[in-house]
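Taking the form predicted on its own, here's one chain by itself in structure tokens.
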């Protein structure tokens, strides 16, 4: 970047900071700037007023993530705010509370997505949120003793549960004679829940009167494990295991972007092209799986659609295996680049990739014949699972779930990283706001990803052999500056996958927080399903394309 351009960026940043200071005013106790965004410390009693003003006056309509953590002298909640119209315009609202009384105002009345995020903060860290409509555990059982990410948590202490609390957590299906409603369990052991998800459902006749997703069955302490690993080598294998079915490289990129931002590492251009190629192959594989399982959910189509999508997904998996050496747990990205260059002979890899791209348009047309024009499929999907744009934003929805509701938001374009900014492709949006729109959105995104892959292949084929640098010169031991903080995100197949890291000056993060797109998207399920029927619920859940490994982490 030229000196003049840098000066312009700094001037724009100063204007934004001045605007924020004007909105927050004397409610800002101090500044606590992060690498990615200006930060303002506010009083726990001023949270709602400050967030309302930032949303309504300054346009910060996207509560991207909520991070809770404990220091030696305080607890802290950080609200990472963005704008759907411009996600590079960010601000962090930092809310400290005392160790003796960790109580803060809830942000839920301002951003509905804060409901689940604050419940997780309470569950794992122990901060209480005044005014929260339903503050209780979300990942761990209600009987759990202590908060695992708090400083005084004893991992060796046995979890002793009284006999009265030892009841089956799945309440039996039953009918309430007074209200004439029926309680129905959906899951957690059911193929249509896409993992171990339990949906507590109340029916009034055949209509869903109330619904609550019960998550946490697959919680594996991913954030804690990352906090115990070194930046340079030990964290990178974990992201593959969040959305474990097909988004491995996209997950790895989320961590890579965060630590590279924190440590000021510049990735070689050639490595960025390879990253972009691999990421879009993963996106195609993910959407193929989503399409096949959705057809299975809504009209039991296993023999044709499901097997056809897996046939094509396997071709992508073959390409990814040639590139990374693995079919699922890739561990291919490295801090500062990728592990190795394209497989030899390169010509054979290019030929196989181009063969797949050449055949893809006919296959997409075949899917349209099989699925989107199917009368049963249309009946099940059109005008069901409706999620209006403003509601999608309120719940922090991203990815095809938001774009299927007409929310034109894609971090590859709006907060550019990798090589996306130099390529020709389009962001796909649909205005249907229903299950059908979300399916069409993913199918069209497959075609856009294919465009990106083809352009990456062209670039890699012509890249000078002497300039094929796959990794930056990264220190053997990474130790970012103490108290440096950043939140960075990428456009994963299911939406915005973000990572917050706080450094304490050592080679391991003091806090590592994962912002899962599936977590926020799933929180909107009740909004989409109430007033509809059980079959519509199954279709709506399938249209969200969740993976419980990423929801629960």
Partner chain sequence: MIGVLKSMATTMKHALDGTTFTVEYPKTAPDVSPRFRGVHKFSQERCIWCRQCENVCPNDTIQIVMDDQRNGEQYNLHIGQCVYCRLCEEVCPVDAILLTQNFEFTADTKHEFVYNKEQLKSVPWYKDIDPLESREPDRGAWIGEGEGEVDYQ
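Positions refer to the first chain, counted from 1. Note that this is a predicted model, so its numbers are computed, not measured.
There is another form of the same protein, the form predicted together with the partner chain; it is not shown, and what comes next is about it.
When contacts are judged by a 4.5 Å heavy atom cut-off, residue 323 counts as touching the partner chain in the predicted bound form. The partner chain in the predicted bound form comes within 4.5 Å of no heavy atom belonging to residue 466.
Contact check for residue 238: a non-hydrogen atom falls within 4.5 Å of the partner chain in the predicted bound form. For residue 72, no non-hydrogen atom is located within 4.5 Å of the partner chain in the predicted bound form, even though that partner is not displayed. For the residues 482, 307, 151, 85, the 4.5 Å heavy atom test against the partner chain in the predicted bound form is passed only by 307.
Residue-level contacts in the predicted bound form: of 91, 127, 342, 433, one residue has a heavy atom within 4.5 Å of the partner chain, and it is 342. In summary, the region of this chain contacting the partner chain in the predicted bound form, judged by heavy atoms within 4.5 Å and restricted to 134 to 142, 388 to 396, 333 to 341, 213 to 221, corresponds to 333 to 341. Applying a 4.5 Å heavy atom cutoff to the partner chain in the predicted bound form picks out 366, 369, 370, 373, 374, 375, 376 from 348 to 379, in order along the sequence.
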